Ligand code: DOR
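This document opens with one chain alone, in structure tokens, the form predicted alone.
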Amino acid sequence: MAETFDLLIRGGICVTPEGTIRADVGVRQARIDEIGDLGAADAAEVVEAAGLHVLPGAIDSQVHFREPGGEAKEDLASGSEAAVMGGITAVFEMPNTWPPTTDAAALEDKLKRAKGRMYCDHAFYVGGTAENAQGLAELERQAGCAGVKVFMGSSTGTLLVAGDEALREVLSHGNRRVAIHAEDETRLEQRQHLAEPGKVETHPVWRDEEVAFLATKRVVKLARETGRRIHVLHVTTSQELALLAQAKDIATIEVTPQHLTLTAPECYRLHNTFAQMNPPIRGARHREAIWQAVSDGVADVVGSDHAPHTIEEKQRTYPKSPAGMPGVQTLMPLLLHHLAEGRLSLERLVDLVAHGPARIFGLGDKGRLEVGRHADFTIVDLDHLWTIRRAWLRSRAGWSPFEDMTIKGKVKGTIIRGVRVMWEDEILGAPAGQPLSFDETLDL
């Protein structure tokens, strides 16, 4: 009698921890049950994947979905639609909403808002502040919590943790890895006059490389003092990368597709304030340093830093224009484009978007195409040539700096826990994303 699965992915090229192989994948009860030649097997649903690559589900560990408080830009539903359209199966959402996610009630509110509305699996960061530092050890263990996020610069109100004393206090409470936005607030304030009105090309002059390096140097020192692991987000400078390469015992590194793809000053001439983000897009020297970190294995993950704003907001005269750009839907397309260019291997790409996030954050059910893991897959056609168009974008922001860019390599489908959620640019079924579970929060 033929073996029966809930889902059978037949004949794809599978990127597994043991290597890249042509194989079938059988799924039972939302988990990967078998990988191999399953030619005689049957299934309730069969996906024919001949000529396609089957990757473990991509994880975007930095998104801002703006709910509550900023729903005109994005909400949990629209952000998750953009995610699954781009092959993302799980996201970590950031705490700088309104009200900010700084206590158990705010975290629970986001989880309730997500239920039945988000297509992808999800977790929410809590913001670490001077006011809530002593409660962070308990907060970071709550179900659905991605961990603690600290803004050393570029934030307002209680989420800004600018001084060493407050930062040390946050790092001293809890055990999980802390995500860091590393820009030095004092230097930002001192240099703010360098942001010339109407001249967005001065954005990386104001927020220069020293703004980033000073903050990263400070937080690495404090991480060592407190024995707390850190994850430095959107690293943009060669100096930071050199420093962090020597701190791998305590620090991990995120880079973004934007900083791997765009360079200053060209991006500001082409896109004006639509290329404005924090930390800024910098010159080619820094972009090449980031690529070297990818090549050398120094960079651990690629996250989109999806930070949508409306077109009207981005059209304001600099520096009144807000920093940030959508990116969750274009993360995988841009990496596939760079794969086709020969900038990285398929295996390295998978490590950056799946193996790496699962390893760093302790997602024991996610991120690897192996028996027992959740049946999350990003299925791609490496030969498909296409162009990013505005009509394809699902973010409520309604724009991307990568519109009209021709890409080689396209996400064919997104499968989450054994269910096809997106196939050939069509979202299928009702939203059924679930909260993520982290190894360090489990009661052993």
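A residue's number is simply how far along the shown sequence it sits, counting from 1. As the structure is a computational prediction, the values presented were derived from the model and not from experiment.
There is another form of this protein, the form predicted together with the ligand, and it is not shown here; the text below is about that form.
Using the partner position in the model of the complex, report whether L107 sits within 4.5 Å of the ligand, counting heavy atoms only. Output for L107 is no: heavy atoms all beyond 4.5 Å of the ligand.
Contact of G362 with the ligand in the model of the complex (heavy atom, 4.5 Å): Output for G362 is no: heavy atoms all beyond 4.5 Å of the ligand.
Applying a 4.5 Å heavy atom distance criterion, does G324 contact the ligand in the model of the complex? Within the cut-off, so yes.
Should T237 be counted as a contact of the ligand in the model of the complex, where contact means heavy atoms within 4.5 Å? Close contact is absent here: in the model of the complex, T237 is far from the ligand, nothing within 4.5 Å, heavy atoms only.
Each of N96, F151 and A307 within 4.5 Å of the ligand in the model of the complex, by any heavy atom, yes or no? All three within 4.5 Å in the model of the complex.
Just one stretch in 382-390, 60-68, 396-404, 45-53 has heavy atoms within 4.5 Å of the ligand in the model of the complex, so which one is it? It is 60-68 that comes within 4.5 Å of the partner.
Report the residue, out of S78, T273, T129, N278, that has at least one non-hydrogen atom within 4.5 angstroms of the ligand in the model of the complex. Among S78, T273, T129, N278, a heavy atom within 4.5 Å of the ligand in the model of the complex occurs only for N278.
Candidate from R368, H231, H122, H181 lying within 4.5 Å of the ligand in the model of the complex - any heavy atom: Selected option: H181.
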